[in-house]
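In the structure tokens that follow, the same protein chain appears in two forms, which are kept apart as structure 1 and structure 2.
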Structure 1
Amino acid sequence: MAENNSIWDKLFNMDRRWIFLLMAVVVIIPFFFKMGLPINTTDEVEGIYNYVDSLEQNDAVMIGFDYQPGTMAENQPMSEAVMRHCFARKVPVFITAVLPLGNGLAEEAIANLTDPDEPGTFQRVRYREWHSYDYGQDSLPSRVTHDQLVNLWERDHQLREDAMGWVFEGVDYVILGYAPLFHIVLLGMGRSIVSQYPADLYGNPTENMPMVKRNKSAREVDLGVTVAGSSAVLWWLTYAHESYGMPIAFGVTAVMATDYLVYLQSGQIVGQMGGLRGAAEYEVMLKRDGYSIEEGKAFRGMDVQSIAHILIVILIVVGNVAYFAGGYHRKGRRLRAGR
């Protein structure tokens, strides 16, 4: 037995940096072998997808970038996927943030979706560009829709060949950005969006923007998607959904996902994306319906995720086998094994 124990002892006392190294190898190597394992979609994510899919340019969606860079790997693919879906369906998107850091993330998401060097992205036109443009004898309607604006704009401008479509700032999206005490801001937006955000992130007055003219208060917004790495999602639930009935969907990190399923079952939210898997499911559906030409980062990450999970399970099993085989469970513990 003593001999036996020493083997286990050695195993347990080995430098944990070896395990770190193993982990590093396991998440790096699979990137070089594309497996593309299929991902099945679940009701939780389909709930959001189908909801957004039923909207069009007269509706509106509000996306909350309520996370920090720390959880970006999980959250960014979610917000990009929903935003892509909205852009493709021409649904206007209001962008807010519970934390100031959300602003930068929102800008980055827009930049990614409108990257001119990537095929299948959108071509962005900044607010000042199209708003102050000379349209000849046609005046620009103050509540101009996406389609109307495209008609006017395409007289003088050509859409990039590999682009999915136009995106006009102020018509298709606006970054309202961060405001402190966001729950109060949510309540205030139920009365009027302009009162809470007189200007957007770049200082453009929101009251002149067609999408704000068409959706003056958050009551007229058809879906709020809060993408978060914290319990900020509950603010949306309490202060937007329960206060003036805005339908809400959650995009949360895996760490929080299991806690918030209760709100799906209670019918308070229309759907939930949990972690990288949730984002990957959304990407799969976008590709299926032709809203994107290939799945994004989340889907590609899921292969690696598979392998890493196998490693963790093996480590747990081996560790426990060693623990009991080595007789550690009997040694020197006076407290009864608690919970």
Structure 2
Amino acid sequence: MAENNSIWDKLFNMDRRWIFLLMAVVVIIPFFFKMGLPINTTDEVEGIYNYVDSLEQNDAVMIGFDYQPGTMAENQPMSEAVMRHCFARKVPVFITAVLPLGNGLAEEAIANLTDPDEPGTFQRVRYREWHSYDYGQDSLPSRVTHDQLVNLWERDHQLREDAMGWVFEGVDYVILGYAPLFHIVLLGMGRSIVSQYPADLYGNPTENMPMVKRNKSAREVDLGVTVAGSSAVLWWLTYAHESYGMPIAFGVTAVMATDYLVYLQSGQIVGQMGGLRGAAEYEVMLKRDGYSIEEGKAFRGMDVQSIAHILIVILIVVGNVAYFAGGYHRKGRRLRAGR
């Protein structure tokens, strides 16, 4: 009995530094060894995915990078997942930002999705590169589509072997960027996108871009996805959805997710990604349908999160067993009784 008590004593009085070390080990290991714990998709994330999957080249999506680096770990994988889906389906993407730092996050997302050193990414062509290129006798139509531009561009350019396709700035995406008083900007885009953004982030005139010529106002955009770490998502709901009927989807941090489920239940939004889990679900569906060769950062992050949660549960169970098996509950009662 004494030996058992000594074991429980050691467990109950374990130096907390061992717990910190154990947590560090289980968090670090999944970064080097992919575990691939299963993730089941939910209706709210499937709602966004299925909506985007139903869009065609003549449709368009607007993504709001409405977060800062503080919530980047949760929000950035959401933005990249939706953008990858759109690029794979050749659906044009308008990119905006509620905050100035959103510009840099949008640029980083594009860079990640078009990284030439990573297999399964896209090959980017800047606006000025393809727009000023000499196509010979074939004139470049002002409303050139993705497929038309690919046919012309590939006469003299070759897609790299491991790329999933071309991405043309001004045809497949445009970074409109940050603009102050964004709720007013949303209202203004309901009349004209060019009136609010005469030039993109790099100074290219938006009025000459084929995707803007085909979608002159936000009323013609088929889905707005606001990815945020704050209540900025409600600006989209109020000033885009309620004002001129743009369908809206939310991508929010885990602590915010339950606050906005009411808008999902009321049918005001088509879906919601909540936290890292929501992004990981979207990545699972992208791989399932062949839009990516492997899951992204969110899926791997869920391995880390799941294992950490399992360890915490185990430690709680062990602590409670040690508390009762070691008689600490009886000792506490005697101390409180003054004996």
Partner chain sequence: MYEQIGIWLAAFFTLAIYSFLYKENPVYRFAEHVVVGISLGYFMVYTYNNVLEPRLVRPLFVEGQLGLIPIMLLGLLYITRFFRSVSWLSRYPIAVVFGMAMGLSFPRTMLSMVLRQAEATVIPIYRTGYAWHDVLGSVIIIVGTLTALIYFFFSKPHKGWFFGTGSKIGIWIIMIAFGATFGFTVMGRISLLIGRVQFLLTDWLHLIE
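Think of the rigid core as the biggest set of C-alphas that the two forms share within 1.5 Å after superposition. These numbers come from a predicted model, not from an experiment. Residue 1 is the first residue of structure 1, and the numbers go on in sequence order from there.
- [ ] Mind telling me which structure is the form predicted in complex with the partner chain?
- [x] Answer is structure 1, the other one does not fit.
Task: Core-superposed comparison between the two structures, R288 Cα displacement 2 Å or beyond - done: R288 C-alpha, core-superposed: shift of less than 2 Å.
Open item on the list: Superposing on the rigid core, I want to see if P69 changes position between the two structures - specifically a Cα shift of 2 Å or more.
Closed with: No.
- [ ] Note yes or no: does the Cα of V313 move by 2 Å or more between the two structures after the core is superposed?
- [x] It does, since the V313 C-alpha is displaced 2 Å or more between the two structures after the core fit.
- [ ] Quick one: how many Å does the C-alpha of V27 shift between the two structures once the rigid core is superposed?
- [x] Here the C-alpha difference is 2.4 Å.
Open item on the list: Can you give me the Cα shift for M14 between the two structures? Core-superposed, in angstrom, one decimal please.
Closed with: The alpha-carbon displacement, core-superposed, is 10.5 Å.
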